[in-house]
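There is one chain below, alone, in structure tokens, taken in the form predicted on its own.
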């Protein structure tokens, strides 16, 4: 008998188990981000490719080739991504926004950010409205601190932007029935109606520039692959509303420090993630206790080597802390051969994490004076 496939769960609301990303891509029906497509993106970006794409963290897509076709024929696009504020950001949360900032810089395109304080209130019964708003404001500072251009960046903070979003969300909601969202997200009779309607609000930014300008403006959405079900629904209704289907770039999730499938802000497992609010002592404790792909003893690791692909520290190097591909290859080869021990690897990454946190905190304070001005509060034209 064939061996049973390993079990894992990946939805917009839950990620658990050891994820087989190739299998997940097949199950979701997305397209592989091939070397040929990466080469096209590299050429379009002026010869550079972001490490998150080059190292395979972004590995899947929907219609990226179509979007590049349009761009190569002189049609601009915009970038859209978002955050559901349920607590402080951790380093994995910034991956999508770091890619978005790179896309904005290389392609000179607008960026639309959605802060879904309403959805987190509906989805997390333990959070009050005041908490989701407060975390939304705090998260927005960290997102903008990544380096977005204030002149090209627009924020939908759902509870503050409802006058801008609602006229378009009405049209979107009319195209979606309950059976569709029930099938997509597993809603039950006890699901509150706010969460059911939220899909229309998350869809609206995908079409907002097209609606505002009265012409077709393609949209590119970098996101974790766990968010794909939301945007499959968006793509299904796009043409019926007269708008282009958004293209998607999907990332793998950065694994948790305790060996979980993904870093998480929920529950009591605070040791599972590096939060941007962590002080130096906390960061050092978490890194030193982090799950690795090492062996039981130094002698065994020297002899047999370690397994970088299951190591949470290797995943951090891969995501942003290896500054060059040469450095990343050296760390990977050293780990696999046994010449680099886990303790040495952890010690080497700590100064880079501290420097990144210091830089992020300084940038946060610089964006604070103008962050509120990016929030869209009025519709683009009378409705």
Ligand code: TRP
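Positions refer to the first chain, counted from 1. Because the structure is predicted, anything quoted here is derived from the model rather than measured.
The form predicted together with ligand TRP exists for this protein as well; it is not shown, and the discussion that follows is about that form.
For the options 243, 198, 185, 135, the one in contact with ligand TRP in the predicted complex, meaning a heavy atom within 4.5 Å, is 198. Exactly one listed residue, out of 272, 92, 116, 153, brings a non-hydrogen atom to within 4.5 Å of ligand TRP in the predicted complex: 116. Just one listed stretch, out of 145-153, 273-281, 127-135, 223-231, contacts ligand TRP in the predicted complex at the 4.5 Å heavy atom level, and that stretch is 223-231. Looking at residue 235, you'd find every heavy atom of it more than 4.5 angstroms from ligand TRP in the predicted complex. The closest heavy atom approach of residue 96 to ligand TRP in the predicted complex falls within 4.5 Å. Of the heavy atoms in residue 252, none are within 4.5 Å of ligand TRP in the predicted complex. For residue 294, no non-hydrogen atom is located within 4.5 Å of ligand TRP in the predicted complex, even though that partner is not displayed.
Within 4.5 angstroms of ligand TRP in the predicted complex, the stretch 79-103 places a non-hydrogen atom from each of 80, 81, 82, 83, 84, 96, taken in sequence order.
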